[in-house]
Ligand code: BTN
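What follows is a single chain, given as structure tokens, in the form predicted alone.
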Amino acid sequence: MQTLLKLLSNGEFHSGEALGRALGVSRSAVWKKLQQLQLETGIEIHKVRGRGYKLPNPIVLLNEPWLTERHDAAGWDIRVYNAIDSTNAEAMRLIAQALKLPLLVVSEQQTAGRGRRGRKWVSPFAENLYYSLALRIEGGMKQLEGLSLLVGLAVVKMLQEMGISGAGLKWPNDILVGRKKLAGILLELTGDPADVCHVVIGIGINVNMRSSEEVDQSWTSMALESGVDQDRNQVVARLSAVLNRYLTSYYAKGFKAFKDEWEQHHLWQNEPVTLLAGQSAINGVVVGVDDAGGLRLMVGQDVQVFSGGELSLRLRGQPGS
């Protein structure tokens, strides 16, 4: 399927005869392979009598040799997949095999991508970025305070470097443009919380997606914001470079060193919000974050700090979270 997809990737028409010659199969076998390709990837194949077959739009596939070369300098191994249930789940499986870390998993598609609080992460083929970085952490979970916020800051910096100037943060780990979600972060831990543990940093970025009936909230993408499709290989390489830079400083200084910078990019700073915690709803005004990444809310006359994976924030009076 990969060879057929590469032949079609320029978005131009290719005759069944030409495809058959390239693949070494008959024209009827080409049609069967095209049907299988549609089924596996969800990409619609256009067929026009007398002209042949084409994709709706050109696509640029992930280039594993190019990406491997770009990550070697940082000492990161990388695995590139056509389709995987979840890049986070695969990273966890690779950690269990005691492979060399850091290890990066990226995929053209996820069949069971997930976000925070068990939400589905819509993952169409060859449109967006599905990225999971596995790290070994010495000293237990205490070393991870504020990590998800730091990762969000790195994603925003990468987006700004690539021309998405309106990208900003929503506590704890969403990246928005205005009210529309562009990217999200999911951290998962395994191992001894008091000693040696491992963390998987999962990052999903809407890169070239222009339409979706599956997403249940307001969203945008790099392509929609910039007006042009992005080379996802460049997005991976730029994200890894920025993230590696931020992680190096984080290991040395902790999140405290980035607190002010994070607050500068928080779109809801000083805004009235509702914090959802289980069945409870707490109204307050965002005044910042603490040194460990907890949310600081002015509730009445007091500043209270909230942290935890099951918390959700929304602007006062706005639906959803």
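In this text, residue numbers run from 1 along the sequence as written. Model, not experiment: these values are computed from the prediction.
Omitted from view is the form predicted in complex with ligand BTN, to which the following refers.
Stretch-level contact analysis of 197-205, 134-142, 244-252, 159-167 against ligand BTN in the model of the complex, using heavy atoms and a 4.5 Å limit, identifies 197-205. A residue is said to contact a partner when one of its heavy atoms sits within 4.5 Å of a partner heavy atom; residue 113 meets this definition for ligand BTN in the model of the complex. Ligand BTN in the model of the complex is not approached by residue 104, whose heavy atoms all lie more than 4.5 angstroms from it. In the model of the complex, ligand BTN lies within 4.5 Å of some heavy atom of residue 174. Heavy atoms of residue 121 reach within 4.5 Å of ligand BTN in the model of the complex, making it an interface residue. This chain lacks the partner; the member of 222, 236, 186, 155 within 4.5 angstroms of ligand BTN in the model of the complex by a non-hydrogen atom is 186.
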